[in-house]
Structure formats: C-alpha cells, structure tokens
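The chain below stands alone and is given as structure tokens, in the form predicted on its own.
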C-alpha cells in the first residue's frame, strides 16, 4: 500500500501573536507540523505497519520548512519530497492544490491523504480541490481508516453522526485530528530521519500550471475579534421576567 501524505509547516498556535495596523505579527521562529497532517501521517504509518507498504510525505514550503519534513520522517515516514517555494510567496488552497496536482500527475499510489484543514487558515479546501484536479474519489473529515482488500473503509464524522464509506484505490482522504494521537518521534527515529531520502523539487520544474500558481484570494486586513456585549440580568417574578425576555426577543432581536 503506497501512501502519499501532504503536510504543511504552520505557525505554532500557542505562540504569542498580535495584530498591528491590520497586519498579523507572529513569531517566525515557532513553526510546527500541522496537527491535522500529523494525524494523517500517523494513520498512514499504522496501516502500512500492519499491511505493508510505504509512506512518503510531500511538503510545499521554503528551505526552512525542511525541518517539518524531517519531523514526519522521524515519526516513521519512509521518504520525503520537498517542493521548494520562495519564502515570501504565499498560496491559498487553490494554489497549493495546483502545485500538488502537478506533482502527482505522473505518480503511482494507492492513496493520498491530507489533514482536513491547516491550523493557520482553517480553510480546509486543498484536499477536495486536489481530488477534483486529479479526478479522484475522495472522503473528507475521516476519523478512522481500515484496510478492506483493495479499498479503505473510512469512518467519517458527519454533521449528525458518523458515516462508513468505502473508498476505492486510487483515492484521496482528508483526516481529522480526532483520528488518533500522533506518535512522538523517538531519539532513534530522529537519528534515522537524517539518513532517509528527501527529494527537492523547484515549483518551476513541475509541469502544467504549477509555476503560475498563486493566491486567488486576497487578505485585506486582520482585526481583533470584537468583544461580546455584556448580558442583561433580570430581577423580579418569573412570570414578569419571562414576559420581558419575550418582548426583547421580539422587538430587539427579531427572533420571535
């Protein structure tokens, strides 16, 4: 079973940040493996350890992002591919999907897996866009994967309950961070990761429109979340309070 897992380096959500004059200022030295992608790596490793196969991780990012690629290799992934981008270049979901589609165009695999979203934007669109570009069947928000012959049975978290979906090969699945607890790399794994093969590819070397990939959306500015208005406290008899609440819901909130 051949798995490709798409991973991303993101800012540490626990690092301090501030918004100044519409710009988001973060600690550029505190970057980590996206938690959703870590769960995708873990699940691919569990399946290949049980049924045999290989896990290759693919990352789009600047030279510094190679640290995150090595983290996934230290977890147990067999090989890595670093699609090198300019440190100042930013992509939205469509841009990332374009680049990945060009990379996977001539690759053979059983499954591509991604985190269902990234911690920096929470957009959650790259996986589905990539599946469309590659004309692959796909399932989103998986919380469990079980091999079933030549296919995967995906336990998917839906809006009102869990769904069991059979996903044929080749296919694509996006993974929730509720799927598992990703392993912490051991010292042995960290040392071994330094000897594992990593291919580096420039975006300009990819065929198709990858070299022209860019953001289709524009961030105008960042703003602090507005403070919630204080609630109202009512005193008096229950019947009078209920009557006043109903009046306010009707005249001010327009919900009745």
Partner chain sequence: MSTQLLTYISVNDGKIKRSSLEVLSRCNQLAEKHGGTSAAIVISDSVSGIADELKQYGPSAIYTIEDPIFKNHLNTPLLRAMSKAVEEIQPSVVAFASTEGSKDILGALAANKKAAALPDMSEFELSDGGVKGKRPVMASKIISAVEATGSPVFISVRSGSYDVAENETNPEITSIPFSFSDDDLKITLREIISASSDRIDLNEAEAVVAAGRGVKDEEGRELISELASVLNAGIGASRALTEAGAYDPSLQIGQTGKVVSPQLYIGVGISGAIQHVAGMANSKVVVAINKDPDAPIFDIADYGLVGDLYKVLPPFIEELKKVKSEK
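All of these numbers come straight from a predicted model, not from anything done at the bench. Numbering follows the first chain given and starts at 1.
If you look for the form predicted in complex with its partner chain, you will not find it shown, but the lines that follow are about it.
*Asks:* Does its partner chain come within 4.5 Å of any heavy atom of residue 230 in the predicted complex?
*Replies:* Residue 230: yes, in contact with its partner chain in the predicted complex.
*Asks:* Answer with yes or no whether residue 87 is in contact with its partner chain in the predicted complex, where contact means some heavy atom within 4.5 Å.
*Replies:* Because no heavy atom of residue 87 falls inside 4.5 Å of its partner chain in the predicted complex, the answer is no.
*Asks:* May I ask you to check whether residue 191 falls inside a 4.5 Å heavy atom distance of its partner chain in the predicted complex?
*Replies:* Although its partner chain is absent here, residue 191 would stay clear of it in the predicted complex, with no heavy atoms inside 4.5 Å.
*Asks:* Please determine whether residue 167 contacts its partner chain in the predicted complex, using a 4.5 Å cut-off between heavy atoms.
*Replies:* Yes, residue 167 lies within 4.5 Å of its partner chain in the predicted complex.
*Asks:* For the stretch 231 to 252, return the residues whose heavy atoms include at least one within 4.5 Å of its partner chain in the predicted complex, in the order they occur.
*Replies:* In sequence order, 231, 232, 233, 234, 235, 238, 239, 241, 242, 243, 245, 246, 247, 248, 249, 250, 252 come within 4.5 Å of the partner.
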